[in-house]
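Starting off, we have a lone chain in the form predicted on its own, written out as structure tokens.
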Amino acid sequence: MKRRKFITWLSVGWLAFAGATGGFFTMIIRFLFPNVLFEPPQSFKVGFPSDFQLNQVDERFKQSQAVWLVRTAEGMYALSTVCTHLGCTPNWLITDNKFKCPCHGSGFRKSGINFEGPAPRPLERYRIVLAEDGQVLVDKSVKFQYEKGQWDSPEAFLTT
């Protein structure tokens, strides 16, 4: 083998080794500094109680916060938009006056109680209170489950 050809092969080998080593160290650094998932704040103000219509489901926060707000004659509550069967997002059907999950057909009443389909339990409620400025504050970090008797908690339902 001639000297020039040997040096060419040697330099190609070293370049391949350097590239592989650089890729390896890039993966190590990427592992040490993972991506950060930025989520919206868990508590947020939704407006004044008078901004919500009586006996209606408000869907303004369905996409951004995964919350439905329901105002009844007695008060308000915040429902999770996550189906308790497999985590799909049910739709509010105004004509049927119920939430219906498109994935497997679970049905929930306006109160969040499950009454049809495979959902094993009612929808969860979030903490809902009045803030100091009179606006409704929803806190998704605190969940209330019907089957545990937590819907009776004063923070699971806002009397207006």
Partner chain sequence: MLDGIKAFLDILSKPQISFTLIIFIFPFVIPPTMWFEKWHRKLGLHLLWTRKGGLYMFAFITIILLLGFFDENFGKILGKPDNVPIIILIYSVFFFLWLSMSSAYKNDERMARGEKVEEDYGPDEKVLVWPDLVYIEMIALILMTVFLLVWSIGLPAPLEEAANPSLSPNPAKAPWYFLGLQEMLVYFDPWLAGVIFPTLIIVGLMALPYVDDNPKASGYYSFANRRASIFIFLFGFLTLWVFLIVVGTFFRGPNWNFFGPFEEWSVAKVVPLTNVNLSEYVWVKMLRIGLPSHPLVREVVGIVIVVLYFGLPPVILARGKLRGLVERLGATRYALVIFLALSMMALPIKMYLRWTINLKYIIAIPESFFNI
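None of the values given here were measured: they were computed from a predicted structure. Numbering follows the first chain given and starts at 1.
As for the form predicted together with the partner chain, it is not shown, yet the points below apply to it.
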{"query": "Residue 103: touches the partner chain in the predicted complex, heavy atom cutoff 4.5 angstroms", "finding": "yes"}
{"query": "Non-hydrogen atom contact residue 40 with the partner chain in the predicted complex at 4.5 angstroms", "finding": "no"}
{"query": "Residue 96, heavy atom within 4.5 angstroms of the partner chain in the predicted complex", "finding": "yes"}
{"query": "Touches the partner chain in the predicted complex: residue 60 (any heavy atom, 4.5 Å)", "finding": "no"}
{"query": "One stretch from 28-36, 127-135, 113-121, 49-57 that, in the predicted complex, holds residues within 4.5 Å of the partner chain by heavy atom", "finding": "113-121"}
{"query": "Stretch 65-88 - residues with a heavy atom within 4.5 Å of the partner chain in the predicted complex", "finding": "85, 86, 88"}
